[in-house]
Structure formats: C-alpha cells, structure tokens
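Single chain ahead, written as structure tokens, the form predicted alone.
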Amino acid sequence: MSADAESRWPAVARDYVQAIADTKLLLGQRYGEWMLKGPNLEDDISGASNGQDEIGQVRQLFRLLEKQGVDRDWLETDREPAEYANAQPLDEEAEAWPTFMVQVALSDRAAWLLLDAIRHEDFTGMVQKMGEDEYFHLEHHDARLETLAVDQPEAVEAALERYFPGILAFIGPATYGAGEDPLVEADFTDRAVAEIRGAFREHYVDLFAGTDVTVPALTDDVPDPDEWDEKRRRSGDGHIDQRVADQLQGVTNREYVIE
C-alpha cells in the first residue's frame, strides 16, 4: 500500500522507525531466549511478558511502515540478516544474566527514547500506549541493575563498556544537535539526537550513583559520523546471524503450514 504524497514521511524517518521496530523485534527474540534461564521465576515471567509486549509493538510499527510503502512481506519474512536495523548490542545472545540485563536494558531504553521523541500525527495515541508498557519494562530493568550493581559490579561495568558504543550508535551521532538533526528539521521528532544521548547517559549515572559501577563517558567520536550508517543506525557491517534471522522469519515452521 503506497502512502499519499501529503502523508509520506521523509526517507530518513522511515529508516528511523524501522530501526526502532527492528530493535523491538530483536528484544522479543532475546527475551524469548532467556525466558527459562533467569535466576528466578519472577524474572522468567517478566521476560516473557516483556517479549510479548515488544512483539505487539513491532506489529503496530510494521503496519505504519507498510502504509509508508515498505513491503510487509519483506519486513516479516524476506530479509537477509544484514537488512535488519536493530541496535548493535542485540546482534548476539548474551552469555550470562548480568550481561543480558545490561543488553536489554540499554536497548529497550534507547528504543523508547527514540520512539518518545516522535511528534508526527501518525503516532498520536500509539506512543502513549506503548509508553504504558515500557514504564514497567524499564522499571524492572532498573531494579535488577541496581541489585546487580551491588552484587556483581564488575560484570555490570564490563557489559556497559561492551555495549555502550553500539547503543550510542543506535541513538545517533553527537553531531546531530538541534540545528543539524534531519528528523528535527523535518518536524518528525521534537528533540535532537544529542539531547537524547545526554538524557540516556544521565539516567544510568543517576541509577549507579553510590555503587562501584562507572558509566562510560559520552564522546563525540562514538559513533564516528563519517562511518555511521544512518539507515541501520550503527557503524560497521555487523548483523544478526542467519540462524536468528530464520527464527524471526519462522523458516522452520513453514514446513508445518497447512495450505
């Protein structure tokens, strides 16, 4: 379905929304992988609930992208691994609980901040409803990270060092200030990437205050603006592996489909 000329978003906005949707899709995948591996039943149930919420939000965002002319079959079942635009930390499955919690906490909060910045009328009401779900996700993450910062501070700090550059690339480069951010200029978002980066880091500085965990600094060269891929919101050619892409697309299950 093609969008009317008056309602068509600029190309950079379609890429921005797809990156948010793909990040939420991979969050659902990573929550699913850890659904029965958490330290207790409460975390398993919370992860399953969070994953279900994320997939529901993906469906809504994919519907909007389809209205903007993006092929729905391509989004759902016909992409190569390198065509997913998820936040880079979600390319891999975390190998330990503290690593997983930092991975999903950073990715989920960054995706929410980018979504919450959208001011376009197509998102009226939708963002507010998604925010109601995200409130509980982010509160759960913060509570777990506070505990882990006391019990396993070295593991938390190592995961922050590992994932922070990729999350900053997903949010965008420091050079995108109020007068340079193309989405602000297009009146699609109401705050610049540089402002979102600052708010993102400030949250974790406050969260870990009084613990032995140090939050990585914001540096203007992460990501390097000359190497940053605006479409996939990352630097470099990394991507999910083929096995994960097949799972997202339901490749194995297709043989059981009854025509």
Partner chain sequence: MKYHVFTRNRSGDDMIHAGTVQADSDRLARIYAHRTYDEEDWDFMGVVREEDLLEVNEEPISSRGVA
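Numbering follows the first chain given and starts at 1. Fair warning: this is a prediction, and the values are worked out from it, not measured in the lab.
Keep in mind that the form predicted in complex with its partner chain is missing from the display, and what follows is about it.
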> Closest heavy atom of L207 to its partner chain in the predicted complex, within 4.5 Å or not?
Replying inline: yes
> Though only this chain appears here, would E66 touch its partner chain in the predicted complex if you measure heavy atom gaps against 4.5 Å?
Replying inline: no
> Would E195 show up as a contact with its partner chain in the predicted complex if we use heavy atoms at 4.5 Å?
Replying inline: no
> Quick one: is A199 in contact with its partner chain in the predicted complex, heavy atoms, 4.5 Å cut-off?
Replying inline: no
> For the chain shown here without its partner, which stretch in 84-92, 166-174, 153-161, 140-148 has non-hydrogen atoms within 4.5 angstroms of its partner chain in the predicted complex?
Replying inline: 140-148
> What residues of 29-62, in sequence order, lie within 4.5 Å of its partner chain in the predicted complex by heavy atom?
Replying inline: N40, E42, D43, I45, S46, S49, N50, D53
